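One chain comes next, on its own, written as C-alpha cells: the form predicted on its own.
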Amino acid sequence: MWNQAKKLPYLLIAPSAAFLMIFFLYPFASVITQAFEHSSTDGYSLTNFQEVFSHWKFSISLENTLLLTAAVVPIQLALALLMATMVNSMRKGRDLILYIWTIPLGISDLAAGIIWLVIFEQTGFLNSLMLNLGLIERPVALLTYQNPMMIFVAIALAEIWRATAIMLVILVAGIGLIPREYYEAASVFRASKWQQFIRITLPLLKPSLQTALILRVILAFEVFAVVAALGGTLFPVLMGETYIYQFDLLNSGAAAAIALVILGLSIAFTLIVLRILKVPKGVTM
C-alpha cells in the first residue's frame, strides 16, 4: 500500500512528462541538431550560423525585431498597468469592461494584421477619413518602401492593440491578490492614490510583472503574422527570415540557426527581467 502511494505522483505526472518529451524536448533537440549540421561538411560545424550572420538581411532583421520590441513592450506595460488599475477600482461594469478590453485575445495574429491593413491601405479607413476632412486630395499609399516609418508605426499599433490584453489579464489577477488592508491603512495615513500605487501596488505586483514581461518579450521576438500582413518583405524580422529559410529556400539548417538566435535573445532578456524585477524570498503573489 505504501509503495503504491509513493508511485501515485509519478503515475499522475507521467502523461504530462510524455507530452513534454514528444512535443517539446524531441523537436528542440532536432532543431539544435539541424542548426549545427550542414550538407557540405561531415559532422557538426558553425556553417549554418556563418551563412545566416553573413547575409545582409540578418542585421536588418535583428535590428527591426529589437526596435519593435523596445517600442511596443514598454507602451503595453504602461497601458496594461493603467487599465488593470482602472478595472480593479471599478465597482460596477468591471467584468464587461475587462471582457471588451480582452477581445483582441480571441483574434489571431494574421487576422489582427489584416484588420490594421484595412485601416492603413490606400483605400482604407485612414485615407477615407483624411479625404473627408480635406487633409489630402487623393488617397495616399502609406505602406510602401518610401514610408518605412509608417510601416513601423502600423505594425507597432497593431501589436499594441492585439497583445496588450495578455499583460492586462496577468496584472489584473496580480492586483486582485494584494490584500485590501494595505490600501486601507495607507488611506488612514492620508497617502494619495499615486503614493499607494508606487509604495504598495508596484512592489507587491513584481511577481505578476515578471510573468507578464517575460511572456510578452518572448512573444515580441516571435512576431511574424502581423509583420507579414502589414510590412511583408519591406520590414524583415527574425521570425520572418526563419520562415523564408525553411519554406522558400528549403534550408532547414539556416532556419534552425535563426531559431536558436531567437531562443538566445529570449533567454537573455528573461534573465534581465528577472534581475531587474527580483522578487524577495517569501513573496509569492
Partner chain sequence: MTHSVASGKSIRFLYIASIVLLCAWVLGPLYLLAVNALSSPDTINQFPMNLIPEFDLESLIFFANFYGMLDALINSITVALFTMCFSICLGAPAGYALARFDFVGKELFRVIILMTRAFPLPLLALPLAVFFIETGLDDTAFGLSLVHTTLALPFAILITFSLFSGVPRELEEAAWTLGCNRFAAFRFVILPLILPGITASAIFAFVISWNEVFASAVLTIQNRTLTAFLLQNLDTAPLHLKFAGGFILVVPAIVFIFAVRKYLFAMWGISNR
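Residue numbers count along the first chain shown, from 1. Given the structure is predicted, the values throughout are model-derived calculations rather than measurements.
The same protein also has a form predicted in complex with its partner chain, omitted here; what follows describes it.
For the chain shown alone, Y182 is not a contact residue for its partner chain in the predicted bound form, no non-hydrogen atom being within 4.5 angstroms. Among residues of the shown chain, N48 is not one whose heavy atoms approach its partner chain to within 4.5 Å in the predicted bound form. Although the partner is absent here, I100 sits close enough that one of its heavy atoms falls within 4.5 Å of its partner chain in the predicted bound form. Although the partner is absent from this view, A255 contacts its partner chain in the predicted bound form, with a non-hydrogen atom inside 4.5 angstroms.
With its partner chain omitted here, the record of contacts in the predicted bound form names 117 to 125 of 143 to 151, 182 to 190, 196 to 204, 117 to 125, defined by a heavy atom within 4.5 Å.
Heavy atoms closer than or equal to 4.5 Å to its partner chain in the predicted bound form belong, across 195 to 210, to one residue only: S208.
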